[in-house]
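Next up: a single chain in structure tokens, the form predicted alone.
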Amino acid sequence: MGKVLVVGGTHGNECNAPWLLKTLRHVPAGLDTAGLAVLPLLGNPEALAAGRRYLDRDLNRSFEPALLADPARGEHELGLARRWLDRYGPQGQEPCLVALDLHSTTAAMGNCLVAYGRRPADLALAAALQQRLGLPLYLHEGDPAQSGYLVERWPCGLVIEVGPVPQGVIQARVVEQTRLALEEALALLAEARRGGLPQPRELVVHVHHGSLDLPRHGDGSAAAVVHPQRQNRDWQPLRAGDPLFLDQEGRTLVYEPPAELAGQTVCPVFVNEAAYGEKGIAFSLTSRQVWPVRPEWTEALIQLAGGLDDA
């Protein structure tokens, strides 16, 4: 048996989910848990107090098994990850079976879901949420430069992204939309625990195909910015020859697709996300795909949800 782990503040400069979780401590009945045992966790309180994304390294890239197993790695965030897994992991002292990681973004993506890889239970929960709330799904996979995500270490897990909102800013709208998405996810998990889960016929997925950085000078400084015609157009098609960047002389640089994406229409996401500049990412490229919802996805989630504890 196990609980649902709900994490807010994995990144210390994303303040809306921590505000929600702190508010719920004062008003426990303010969150409808649908009868499930929920374990709220403030992700990186030290970074939150400092107003920084992290202290030593990105916590949401710190759950890589090889890093966690290396005794020479003593970064603050790796210590947090180890303690979380020891206490809240599937075999921990207070085991959790599902992890819902609440984030916010500065990009004009609206609200969305993020999954890592193609685990059946994750896809089942994403499909059900998409049907209920209309949230797009970004599927991140096959990127060795970006790995070690929190939700990957639990049997089922999704990221809920809400925005846009500046870093370090709390907005009532973002808090409320986070709460509504969280409550819907919990309600669907409760339905799955009862042995039924209404599902759509299809799941719309935006599959990750790599990322692009800004053009840069030899010293690493930016040589261009995102073009005004591309800014705030997350999820919108990008084709060869479309305006992409604007350099310091006012010249437009157009999109030239890499060979592996030649002839494909791609949809950028996380366009000009403030947190990704340090990672060399101006935006990520995705392809929009429509997948049939498979019965084995639902069966996997129902089987897992059967082990969730009562509130």
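The numbering used is simple: start at 1 and walk along the sequence shown. Quick caveat: nothing in here was measured; it's all calculated off a predicted structure.
Unshown form predicted in complex with another copy of the chain; subsequent notes refer to it.
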Partner-free chain; cross-checking another copy of the chain in the predicted complex, the single residue of A240, L180, V169, L133 with a heavy atom within 4.5 Å is V169
Identify which of G79, G110, P228, P90 has a heavy atom within 4.5 Å of another copy of the chain in the predicted complex; exactly one of them does. P228
Please identify, from 180-188, 133-141, 213-221, 152-160, the stretch that has a heavy atom within 4.5 Å of another copy of the chain in the predicted complex. 213-221
So in the predicted complex, is another copy of the chain close enough to S287 to count as touching (4.5 Å, heavy atoms)? no
At 4.5 Å between heavy atoms, is L41 in contact with another copy of the chain in the predicted complex? no
So in the predicted complex, does T106 come within 4.5 Å of another copy of the chain, heavy atom to heavy atom? yes
Taking another copy of the chain as it sits in the predicted complex, is Q303 near enough to touch it, meaning that at least one heavy atom pair lies within 4.5 angstroms? no
Judged by heavy atom distances of 4.5 Å or less, which residues of 231-270 approach another copy of the chain in the predicted complex? Q231, L246, Q248, E249
